[in-house]
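Let's start with one chain on its own, the form predicted on its own, as structure tokens.
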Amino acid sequence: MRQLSIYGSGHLTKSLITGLRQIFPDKSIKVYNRTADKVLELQTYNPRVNYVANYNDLCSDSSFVFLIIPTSGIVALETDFVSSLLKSDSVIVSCANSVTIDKLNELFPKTKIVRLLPNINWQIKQGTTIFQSNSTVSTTDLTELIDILTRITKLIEAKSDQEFDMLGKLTSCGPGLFTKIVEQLLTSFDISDDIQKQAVYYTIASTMNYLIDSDKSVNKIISEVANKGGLTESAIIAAEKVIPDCFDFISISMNEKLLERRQKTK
């Protein structure tokens, strides 16, 4: 099994190492960050985290090197890092949603590259992760990485950059976005008691599980609930009037931010 290495020490790294601790409790994980103290803090979540003083040390052995840093940090990586990757036959796992495979190939020529969109639900071994790989990555490389990640997330392979961006916006930002939507739902329905909130959370969770497990269409499930002239029908009619504009606005805003980040890599 390849060495697992991470550049970055933010909340997504915390989620990843927490998930990895549950499936590989004895697996050493190399982590580099410009602020060493932040790496040492990560040992609270996974005692197998080992700080390295130079990011080139992340690939001193054959490794999966997760780059969980801003786009600007990926673009700024030096040629010595590329040389170290090639020498050790390591695989870059880029976790910046605004850097395409083509751009990564340009930045890291001849290097094995997987593009991945992380999710904070890694820490509870759930959620969805979108991935792509370049032609340099072998079937063996990809199989090994998939074997690791499928233990903490549902993996979906994107066939194009367009599909990656379309799905990735929701899979990576979903926990934050959907939580905000639920918060507004609770506010609008005047629900503040913790037990009442739990009732809503479980209703949402069980509904999503039913949607997944039953393999029924959204409209089919609605038809099972909504009686003619009933309360559900009234709510759905109201939702159809306001929700499209709301989510169109959210989608446009996210697209603009993605484009802004991508412009910085040119």
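Bear in mind that the values here come from a model prediction, so they are computed numbers and not experimental data. The first residue of the sequence shown is number 1, and the count goes up from there.
As for the form predicted in complex with a small molecule, it is not shown, yet the points below apply to it.
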Name the residue from L117, I152, V93, L85 that puts a heavy atom within 4.5 Å of the small molecule in the model of the complex. L117
Candidate site Q126, L170 and T179: all three near the small molecule in the model of the complex by heavy atom within 4.5 Å: no
So which stretch, 228-236, 32-40, 214-222, 200-208, is the one near the small molecule in the model of the complex (non-hydrogen atoms, 4.5 Å)? 32-40
Indicate whether the small molecule has at least one heavy atom within 4.5 Å of a heavy atom of P47 in the model of the complex. no
Applying a 4.5 Å heavy atom distance criterion, does S72 contact the small molecule in the model of the complex? yes
Just to confirm, C59 within 4.5 Å of the small molecule in the model of the complex by heavy atoms? no
Check V65 for me: does it contact the small molecule in the model of the complex (non-hydrogen atoms, 4.5 angstroms)? no
